[in-house]
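Next up is one chain by itself, shown in structure tokens, the form predicted on its own.
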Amino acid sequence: MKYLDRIVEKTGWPRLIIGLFLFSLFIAAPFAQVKIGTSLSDTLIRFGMNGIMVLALVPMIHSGCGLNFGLPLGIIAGLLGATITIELGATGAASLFIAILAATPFALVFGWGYGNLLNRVKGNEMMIATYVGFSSVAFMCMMWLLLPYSSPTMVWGYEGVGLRTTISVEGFYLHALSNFLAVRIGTFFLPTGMLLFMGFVCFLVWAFLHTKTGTAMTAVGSNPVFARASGVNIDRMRTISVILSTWLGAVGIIVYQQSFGFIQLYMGPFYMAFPAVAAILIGGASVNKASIMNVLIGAFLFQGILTMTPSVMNSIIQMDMSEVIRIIVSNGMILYALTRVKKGAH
């Protein structure tokens, strides 16, 4: 009994319930005639697709800037890198890394400006971050029509100006990571390359947080008075965390695109911060504390529930309500996350 109490205390009831629910869905899948191999593959694919965008929240949490609801700003940097790569005509797996390189200057500039803004509104970071995320998406809705792209793969065919809403990455970096060292056993598919790349980026963030700069950043988030007394430049550490978070968001959306197969512009990035926030909070993070393990657990639980619930429910009720169920489940988990935000902020 004491062992069970320790598990509950360490894990927390919300995560334990969500984990048991996901486990029960995998148990119920064969009885509902849902292929377990396909379901597990879909979960792992979605986990790899979204994991780096969840990871992007960690630096800002460590520095005390809170949850990065301005993640769409980093996503926009990634979209600019991706569209520039296609405009240049880069093809093959190398174009994935060219897209990341092209996105990096935008992420650095956007992150620097975003970080300086948050330094001026200490105490209201998450509210301002939400405004930054939404307003940047709205601004780019105009810019996608005005920027001088000319690639026939991307521009509207009728006028020859302005970018399409959805752009295929086929022939460029489609599945560049997913198919690398991939494992196929029957209906089961393991996107080895994508998971390895995600693991590598997680390791880089973990290693950075254990450097002198990373330790100073964590000190700023944990105890800014002590950090200031120790000679740490608080504003500089916060800005570095925002720049890193923005860059990770840019990398994350490019990894997402190579698996999904399309670049989604205009309103595409609008709500992408909320699933990432929900995932990291479900993983056990808070407004003030987050770890790589929180990212991995949260991303797997969130994407697992989002994948398995529609499949099992559709088979049970014999009706295709995938999108409706996915919206209900996703918004339910996001609502849970927002209640955690309120609690942590208080």
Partner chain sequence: MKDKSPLLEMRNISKDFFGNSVLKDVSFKLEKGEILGLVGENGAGKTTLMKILFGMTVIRDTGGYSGEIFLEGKPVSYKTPFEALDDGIGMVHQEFSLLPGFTAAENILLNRESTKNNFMTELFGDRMKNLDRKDMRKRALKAIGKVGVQLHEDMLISDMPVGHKQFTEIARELEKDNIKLLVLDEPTAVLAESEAEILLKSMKKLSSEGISIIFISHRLREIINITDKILILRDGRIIQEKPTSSTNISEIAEAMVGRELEVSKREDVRVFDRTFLSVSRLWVNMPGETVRDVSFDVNEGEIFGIGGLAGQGKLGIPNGIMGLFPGGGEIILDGKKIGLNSPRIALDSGMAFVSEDRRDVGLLLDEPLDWNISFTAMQVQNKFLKPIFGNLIKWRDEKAIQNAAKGFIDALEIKCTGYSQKAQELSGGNQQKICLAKAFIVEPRVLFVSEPTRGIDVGAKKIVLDTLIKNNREKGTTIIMISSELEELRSVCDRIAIVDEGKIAGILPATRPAADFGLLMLGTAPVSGGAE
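Positions refer to the first chain, counted from 1. This one's a predicted model, so the numbers in the text were calculated from it and none came from an experiment.
Keep in mind the form predicted in complex with the partner chain is missing from the figure; the text below concerns it.
Checking Ser222, Thr192, Ser168, Ser151 against the partner chain in the predicted complex, a heavy atom within 4.5 Å turns up for just one residue: Ser222.
When you look in the predicted complex, the only residue of Leu108, Leu196, Val155, Val232 with a non-hydrogen atom within 4.5 Å of the partner chain is Val232.
At a distance threshold of 4.5 angstroms between non-hydrogen atoms, Phe188 is out of contact with the partner chain in the predicted complex.
Under a 4.5 angstroms non-hydrogen atom cutoff, the partner chain in the predicted complex lacks Phe262 among its neighbouring residues.
By the criterion of a heavy atom within 4.5 Å, Lys35 is excluded from the residues contacting the partner chain in the predicted complex. Trp206 belongs to the set of residues with a heavy atom inside 4.5 Å of the partner chain in the predicted complex. With the partner chain left out of view, the stretch that reaches within 4.5 Å of it through heavy atoms in the predicted complex is, among 86 to 94, 212 to 220, 73 to 81, 179 to 187, 212 to 220.
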